[in-house]
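First, one chain by itself in structure tokens, the form predicted alone.
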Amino acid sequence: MSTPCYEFFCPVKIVAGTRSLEHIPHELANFAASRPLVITDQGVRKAGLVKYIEDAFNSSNINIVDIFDDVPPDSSTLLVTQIANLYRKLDCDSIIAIGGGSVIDTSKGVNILVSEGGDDVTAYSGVDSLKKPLKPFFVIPTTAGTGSEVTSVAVIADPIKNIKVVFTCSFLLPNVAILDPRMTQTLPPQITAATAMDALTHAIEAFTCMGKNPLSDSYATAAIHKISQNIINVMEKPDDEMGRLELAQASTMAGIAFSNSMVGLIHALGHSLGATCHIPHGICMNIFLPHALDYNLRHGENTLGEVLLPLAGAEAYANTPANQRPQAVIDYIHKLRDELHTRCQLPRSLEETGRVEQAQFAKIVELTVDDAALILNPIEVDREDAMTILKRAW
């Protein structure tokens, strides 16, 4: 399924490891930036994670101008305008995003406005609407799942039109992403599990969808291996720095992979469920992952069996006949989900969320078949197919 001609692009500098946050003043200086605005959320601030960044600047000549810490889980274009106005008022020259997907996407939107001008970020929506590099932008993820620190995409809600606006352009990519295990050690067990399953889904879809290529495959399989080797250990020992770092690196690798190969049916279903029922994205991925893989497999997808090697290891791969490996992958994922449910009640089904009604299935189906993620899914999906998957996931 690999395409004979492909593109692979990831210019983000990655600084990773214990105490890697101490490098951030140096990274700003490399871009002649000295007046950063920090953008984060209340949860990150209350967990004391911002203090690590503040401490890193204590021995430098760079001062944080201000800290905006009120980004909600589902940010909006109105908030982007508010933060951009603060940036301009304080004469900042760079942005440091500390948080998960909502904080990072909000920061990408702010960077559009402070670099391009104007008050309406939706004017720059769509594909490749930006024509020049933006202000220096640094990202410190506090979850190990979204991969937003290495993606050229932002999704921001427009509360006036009640839609989610998508921005896609290589200029949205951060200049530097810093992966420090201290930033994820305080994550609650269920969020740890959900974000890991989000990253696992990114990697598996990157490997099995039609945009795959040899370079994205290498990142995807490495991410799958790191997640399968570390997720349960981190659930048992939440303060395990090396385990946390491995999951953070896996999330970044999966982000690089799917940015260059795209995703498919699992994400189409997850986007639709999230928009309809306001369920966190990682939970959506955990629910749909085995069911969508099973659908693709039964209708002709032929690369899933190779996922068994990084997922379950060389012995399991060697002892499983080739024609049984795809089903072994799906069985492994079911067992992993059961283990995570036992440890932190991560929902495995739509019913277990307590937030979905079968009467909503028709709307979810309509959103799914119109979702752009289906374009590179290896198998075509119609309304009847999507409804069947939803019923199996119930």
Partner chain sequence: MKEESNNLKTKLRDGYLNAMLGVIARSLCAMSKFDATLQKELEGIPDNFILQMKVLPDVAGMAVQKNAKGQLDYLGKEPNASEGQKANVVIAIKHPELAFLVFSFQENNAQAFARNRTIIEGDLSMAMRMIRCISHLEVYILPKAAAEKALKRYPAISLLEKTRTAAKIYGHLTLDLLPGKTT
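Definition used throughout: the rigid core is the maximal C-alpha set that superposes within 1.5 Å between two forms. Numbering follows the first chain given and starts at 1. Just so it is clear, the structure is predicted and the values come from calculations on it, not from any experiment.
Although not depicted, the form predicted in complex with its partner chain is the subject of the following passage.
Chemist: Taking its partner chain in the predicted complex, would 366, 371 and 380 all count as contacting it (heavy atom within 4.5 Å)?
Modeler: Contact check passed for all of 366, 371 and 380.
Chemist: Is residue 310 one of the residues lying within 4.5 Å of its partner chain in the predicted complex, judged by heavy atom distances?
Modeler: So residue 310 does not count as contacting its partner chain.
Chemist: Contact with its partner chain in the predicted complex for residue 375, defined as at least one heavy atom pair within 4.5 Å: yes or no?
Modeler: Yes.
Chemist: Is residue 124 one of the residues lying within 4.5 Å of its partner chain in the predicted complex, judged by heavy atom distances?
Modeler: So residue 124 does not count as contacting its partner chain.
Chemist: Given that its partner chain is not shown alongside this chain, does residue 210 nevertheless sit within 4.5 Å of it in the predicted complex, heavy atom to heavy atom?
Modeler: Result yes; residue 210 sits at the interface with its partner chain in the predicted complex.
Chemist: Which single stretch, out of 210 to 218, 234 to 242, 301 to 309, 194 to 202, brings residue heavy atoms within 4.5 Å of its partner chain in the predicted complex?
Modeler: The contacting stretch is 210 to 218.
Chemist: Determine the residues of 4 to 19 with a heavy atom within 4.5 Å of its partner chain in the predicted complex and present them in sequence order; the list may be empty.
Modeler: Contacting residues: 4, 5, 6, 7.
Chemist: After a rigid core superposition, would you say the CA of residue 319 moves by 2 angstroms or more between the shown form and the other one, or not?
Modeler: No; that C-alpha moves by less than 2 Å between the shown form and the other one.
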